[in-house]
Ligand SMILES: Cc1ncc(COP(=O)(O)O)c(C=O)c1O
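The chain below stands alone and is given in structure tokens; this is the form predicted alone.
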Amino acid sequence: MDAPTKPSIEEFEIAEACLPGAGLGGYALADEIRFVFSHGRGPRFWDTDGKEYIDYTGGAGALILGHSHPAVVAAAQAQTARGMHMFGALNDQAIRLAKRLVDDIPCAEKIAYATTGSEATAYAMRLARAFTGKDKVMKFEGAYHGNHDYALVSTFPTALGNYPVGQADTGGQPAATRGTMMIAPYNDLEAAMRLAEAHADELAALIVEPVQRIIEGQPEFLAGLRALCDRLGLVLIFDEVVTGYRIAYGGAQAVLGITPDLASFGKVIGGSGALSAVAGKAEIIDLADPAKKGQPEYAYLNGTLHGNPVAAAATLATLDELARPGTYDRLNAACTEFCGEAQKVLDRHGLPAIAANVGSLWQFLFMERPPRSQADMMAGDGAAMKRLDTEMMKRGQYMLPGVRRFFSCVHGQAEVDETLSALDESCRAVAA
């Protein structure tokens, strides 16, 4: 009797015929580790062939409560029964969430909704340009601020930059758009100051991630950017799409004690649904007031799913869970402890790698010490890192090769033990 055919074989055939690279975006897994997602629960999920994985990709960080958290599912189901979508008018869930975000986020005098993190960063840049009347924005080398033409400059550089000139990351990107972005090295305050001062008459804003990929922003660097923007009259934008409600409740700004003028939020904001936001000073956010249409400073912000009530309800349920006392202490401590144990495994096998983490963000890096800049990342052994990650994937640990990953609130000791065992086996395979 013939062995049953795996469901994924036909699914991949369809995907290869219908989707570019048989993927859903910028990632397509190698044939030896690719799979088709079926369903998830807590820190784990299953593919359509029945294989079980421990999930450390976590929806690119959105799933801070894991898959299908009961409170989030219940909130989304309840709102779905009431109505899944409205447009052109307010809904009660979006209003409740807006009040919650304004109360939670230090910089948020008001918020404006968007749908994705990429939209939120694009809107933040647009608002800054409208507010200052200037065109250019400074970003930092290696930072990912979304998929739009303004953001995709020196995000994946092949060589260190000729600052402030950036490298195009995508085909189809207008040279004029790329020319509005200035590039500086991350965690280098002196370089940022020098470049900003030289271009102050055309610079509208600085946009920065408090944690760039797996690189921790140094407090003196981030505080220095705040002082620099105050001195030159620039808008300081924190991209908290990843760090918002991930590093701490309310975002990294809540623990850093540094308040930006604007901040973009996504991922955790959205309750795993299609919702994001720009938070900030009322005088800047109010430039998107529809009553200002026709005025030169009006900034157009609009989207079909802005303030979607199902996503808003799911977010409110998520925030209720995250607001419980001790949540972030436990989450961050669990990730730090795991990385400490993982380091012992790496060392035991003699691999020249570190298990680096910032809060609940972590990654295996083939370098001697935690990175401070994109230059440090490029100096590491990226090929070895991807080999190790691929071996971990073969052993049921979902972590995109070469990409930062996340602990969730529901990763427990059972998951840690299984992952450390898989790491031990993977190290043996890499060493061999």
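In case it trips you up, residue 1 is the first one in the sequence shown, and so on. This structure is a prediction, so every number in the text was calculated from the model and none was measured.
Below, we turn to the form predicted in complex with the ligand, even though it does not appear here.
A heavy atom within 4.5 Å of the ligand in the predicted bound form is found for exactly one of 144, 150, 249, 338: 144. Checked against the ligand in the predicted bound form, the candidates 332, 118, 167, 91 yield a single residue with a heavy atom inside 4.5 Å, and that residue is 118. For the ligand in the predicted bound form, the listed stretch (179-187, 321-329, 215-223, 241-249) containing residues with heavy atoms inside 4.5 Å is 241-249.
Contact annotation for residue 261: none of its heavy atoms lies within 4.5 Å of the ligand in the predicted bound form. The partner is not shown here, but in the predicted bound form the stretch 248-279 reaches within 4.5 angstroms of the ligand through a heavy atom at 267 alone.
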